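One chain follows as structure tokens, the form predicted alone.
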């Protein structure tokens, strides 16, 4: 299995384990070392303004936060949950109604305790929003082993 396929599998399992991503229909488009792309499909459930059909900013923020948090998986050798410390979002323009939004995230720096990511939410090549995010490293042992094993290798989690 190539590194990209390995990372793609890990990220798909992680995103699929998040209830809000399943509810929103977020999918993983691509994953490679230090970068990934997620997609949020358009649906009536995420419309913020029923008169215009424009997607609610909260759905786009959720997409970008998830993308930045997930790109950590593409950078660290061992899976570990890394809580968001700071997320700054700048909205450039409303997302066009009826079209999906993609979030392209890149991890650009990591230290022993902090990870730094950037993300751009786009429709085609049209930027809707961009963000910068920081995440705290808490170590791989801070998440349950069964969950780590599931994300890392797809090992089924037992109901406890």
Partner chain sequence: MSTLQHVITEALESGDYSDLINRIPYARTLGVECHRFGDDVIFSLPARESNLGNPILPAVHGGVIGGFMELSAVLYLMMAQPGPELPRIVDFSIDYLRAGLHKDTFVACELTRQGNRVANVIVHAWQSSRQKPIALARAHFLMNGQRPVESK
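Residue numbers count along the first chain shown, from 1. Just so you know, these numbers come straight off a predicted model, no measurement behind them.
Same protein, other form: the form predicted together with its partner chain, not shown, and the subject of what follows.
By the criterion of a heavy atom within 4.5 Å, residue 78 is excluded from the residues contacting its partner chain in the predicted bound form. Within this chain, residue 46 lines the site of its partner chain in the predicted bound form, having a heavy atom no more than 4.5 Å away. At the 4.5 Å threshold, heavy atoms of residue 124 stay clear of its partner chain in the predicted bound form, well away from it. Proximity of residue 144 to its partner chain in the predicted bound form falls within the 4.5 Å heavy atom cutoff. Note that among 101 to 109, 27 to 35, 116 to 124, 49 to 57, the stretch whose heavy atoms approach its partner chain to within 4.5 Å in the predicted bound form is 49 to 57. In the predicted bound form, its partner chain lies within 4.5 angstroms of at least one heavy atom of each of the following residues of 54 to 85: 56, 57, 58, 59, 61, 62, 65, 66, 81, 84, 85, in sequence order.
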